[in-house]
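Encoded as structure tokens, the following chain is the form predicted on its own, with no partner shown.
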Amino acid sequence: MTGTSGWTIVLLSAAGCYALKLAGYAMPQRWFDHPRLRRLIELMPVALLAALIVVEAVAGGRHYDWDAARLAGVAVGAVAVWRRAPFIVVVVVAAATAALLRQL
């Protein structure tokens, strides 16, 4: 991929995301009044973020990469989130765990 085609892909993706966001504003308000749909919309970002975390934790390119240090960092970060730690604490604790395990 050349630099120009890479930037073209990035700009087209950004335009697509922006268009998708605008499409959300164009939806009739009555569509969002149903409680199940509202709950689904509220949970969608959490599900997407969780999926991204799992992919980054266990994928290495086109194959699974079961890195014990990385998985331990994710597990410790999940516990920190569960204990409602501030975001910076979650990141630092997870990174420190992975770094310490790699030094062993």
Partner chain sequence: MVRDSLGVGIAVGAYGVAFGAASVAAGFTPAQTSVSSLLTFTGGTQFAIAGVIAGGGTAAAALSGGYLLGARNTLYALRMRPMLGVRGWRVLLAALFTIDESTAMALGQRRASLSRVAFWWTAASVYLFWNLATVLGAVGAQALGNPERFGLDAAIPAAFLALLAPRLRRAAADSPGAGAVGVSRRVALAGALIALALIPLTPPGIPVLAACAGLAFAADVGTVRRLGRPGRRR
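No experiment lies behind these values; they were computed from the predicted model shown. Numbering follows the first chain given and starts at 1. If you superpose the two forms and keep the largest set of C-alpha atoms that fall within 1.5 Å, you have the rigid core.
Although it is not shown, the form predicted in complex with its partner chain is what the next lines describe.
**Student:** Can you tell me which bits of 37-65 touch its partner chain in the model of the complex, meaning any heavy atom within 4.5 Å?
**Tutor:** Heavy-atom contacts within 4.5 Å come from R38, R39, L40, I41, E42, L43, M44, P45, V46, A47, L48, L49, A50, A51, L52, I53, V54, V55, E56, A57, V58, A59, G61, R62, H63, Y64.
**Student:** Against the rigid core, is the Cα displacement of K21 between this form and the one not shown at least 2 Å?
**Tutor:** Yes, the C-alpha position differs by at least 2 Å between this form and the one not shown.
**Student:** If the two forms are fitted on the core, does L12 show a Cα displacement reaching 2 angstroms between this form and the one not shown?
**Tutor:** Comparing forms between this form and the one not shown, the L12 CA shifts at least 2 Å.
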